[in-house]
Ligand SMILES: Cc1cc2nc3c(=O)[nH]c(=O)nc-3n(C[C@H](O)[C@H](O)[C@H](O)COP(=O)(O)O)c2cc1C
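Listed next as structure tokens is one chain, alone, in the form predicted alone.
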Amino acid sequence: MRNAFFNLTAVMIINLMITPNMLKAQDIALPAPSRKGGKPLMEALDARGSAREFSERDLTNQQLSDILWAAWGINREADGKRTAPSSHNRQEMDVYVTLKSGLYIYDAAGNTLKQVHDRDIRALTGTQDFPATAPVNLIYVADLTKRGLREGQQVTDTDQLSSWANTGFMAQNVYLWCASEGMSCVIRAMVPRNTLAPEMGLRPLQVIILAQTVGFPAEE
């Protein structure tokens, strides 16, 4: 009886210690991405385009899962390789996602959106008006420590060349997914990086490359 009491007490203490950490970040567990179907490639290429007017309608978790898997998901589980290439397979890219509910980082291995904070910073992701009301803005960030740079080292354009190329591959994957699903998107270089980076809590060697707005077409 005494052992049962102590065991129960230990479980309660552990729960009290763990629960606050579990509830601190409201992560979003995504459904498995739909890896079949969609338009044939040539039809998706024919429909691919940019849009700068979006409905404010929220995307479903399934759509978020499919978009993020298209951008930077794992398509070869045996060796952890991705849907987009990266130089020397360094996989230095991270995809951050801004929603009404806050800022998240995409965890491809866990198929989860890990919440960074619960502030709506969509308006800070671009200098135009539409990012503030569009449902999703993707922010492509290069972690240059994964490319061998060290804190305090000056970052040159050459250091970032591969990351710019990688971002192009990822963004085009999103373009093709949107074209296949009748969604709208646009890649954006007009990003106030010096303002946005602190709001995202980025380290000096985490560099914002581009942003991409995604959503339903503007309603007639």
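We number the residues from 1 along the sequence you see. None of these values were measured; they are calculated from a predicted model.
In what follows, reference is made to the form predicted together with this ligand, a form of this protein that is not presented.
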Checklist outcome for this item: The one residue among Asn75, Gln128, Ser101, Ser87 placing a heavy atom within 4.5 Å of this ligand in the predicted complex is Gln128
Checklist outcome for this item: The listed residue (Ser50, Gln62, Thr195, Gln26) that reaches within 4.5 Å of this ligand in the predicted complex by any heavy atom is Ser50
Checklist entry - Closest heavy atom of Ala179 to this ligand in the predicted complex, within 4.5 Å or not? => result no
Item to check | Partner proximity in the predicted complex: Val186 to this ligand, non-hydrogen atom cutoff 4.5 Å | outcome: yes
Checklist entry - Is Met190 close enough to this ligand in the predicted complex to count, meaning some heavy atom within 4.5 Å? => result yes
Checklist entry - So in the predicted complex, does any heavy atom of Tyr175 sit within 4.5 Å of this ligand? => result yes
Item to check | Residue stretch of 50 to 58, 65 to 73, 31 to 39, 152 to 160 approaching this ligand in the predicted complex, non-hydrogen atom distance within 4.5 Å | outcome: 50 to 58
